[in-house]
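Next up is one chain by itself, shown in structure tokens, the form predicted alone.
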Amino acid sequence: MQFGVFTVGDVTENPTTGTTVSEGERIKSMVAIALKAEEVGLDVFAQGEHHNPPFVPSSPTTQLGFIAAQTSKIILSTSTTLITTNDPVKIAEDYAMLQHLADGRVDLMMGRGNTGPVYPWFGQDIRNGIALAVENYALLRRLWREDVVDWEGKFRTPLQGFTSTPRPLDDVPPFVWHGSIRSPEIAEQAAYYGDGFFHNNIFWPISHTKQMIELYRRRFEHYGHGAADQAIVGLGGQIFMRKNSQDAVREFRPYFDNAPVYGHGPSLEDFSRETPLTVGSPQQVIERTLSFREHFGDYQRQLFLMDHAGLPLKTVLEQLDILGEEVVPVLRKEFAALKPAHVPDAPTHASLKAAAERARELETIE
């Protein structure tokens, strides 16, 4: 089981002080969070991609490359790579480059984002969102797996004899998760290729998340990648902790009430009841997270959102200390004890490389 954090990189006023960090400060705070995540023993740091205020991470590979140079163990990922509005050729090249810089500690999550205006900014039509996701990803897979590509589609100019450079590290493309909150077509896409499916699991009730994951598992098995319970599933989550739950609620409430996404909407109590948001003690976070398995089955990756809504960096780093010292060690032990032997771990570069080598050996024997 992999545990980590993801960030959306919002620049939001701190409601308790009335101050707002600069874009530069926010960018550097995300670097500090990634370094802290490795220090406390987390497995994954993931950042989003946005091209509109109040968000700053418009160039994920730039920042992840900078983080890669200062870390040695943590997997660097994205909580969204916009497969719809990015050129798949550029994605292929950028993330292969990052693979080499990070010695393989890279995977990424394809998504369509949640900002409609981004489509025309990059010359696309939001009405083609699903079709873009399907076509662009089909091309991306070929660019990573074929040395020379001839290709023609609907949404970009044709390619003739094209080679994407650099080639993936060890000829092993980065593992891909497909992220979606509400689109069954994306769960289908993940299942078709045998890729991972990541449900953000932040804004929606358990019943909806369960439907999406069950669809993905059924279709994963249908396409012959393994049993349904062997499908590769990731979940998001949102937490805020203090030693006792009353202090956590009291401290987090003003940030919740003024958050850019759900602020001025449902109460903290209602939102916590209807979604996975957990504000309380470390033990409450442990119990709530363990309960996800009861609804969604065994899964491979759990990422937490911890740094949004204007929370100061000092507070976020304190949260990471609690997560790494008091929560994740218990979750690792409990999830490991519950996981059946036939359920795979989350793929890594090392495991994918080993699988590719075994496949080549079998081809040689045959």
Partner chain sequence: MNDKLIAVVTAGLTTPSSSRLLADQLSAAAADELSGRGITSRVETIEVRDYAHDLTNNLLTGFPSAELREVLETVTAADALIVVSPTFSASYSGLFKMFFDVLDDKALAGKPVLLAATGGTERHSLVLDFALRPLFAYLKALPVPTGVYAASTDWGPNAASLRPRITQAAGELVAALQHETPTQADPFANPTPFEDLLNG
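Numbering follows the first chain given and starts at 1. Keep in mind that what you see is a predicted model, and the values were worked out from it rather than measured.
Keep in mind that the form predicted together with its partner chain is missing from the display, and what follows is about it.
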| query | finding |
| --- | --- |
| Proximity of Val134 to its partner chain in the predicted bound form, heavy atoms at 4.5 Å | yes |
| Heavy atom of Ser207 within 4.5 Å of its partner chain in the predicted bound form | yes |
| 4.5 Å heavy atom contact, Glu274 to its partner chain in the predicted bound form | yes |
| Met97 within 4.5 Å of its partner chain in the predicted bound form, heavy atoms | no |
| Interface stretch in the predicted bound form with its partner chain - options 118-126, 71-79, 212-220, 245-253, non-hydrogen atom within 4.5 Å | 212-220 |
| Residues within stretch 243-272 having a non-hydrogen atom within 4.5 Å of its partner chain in the predicted bound form | Val261, Tyr262, Gly263, His264, Gly265, Pro266, Phe271 |
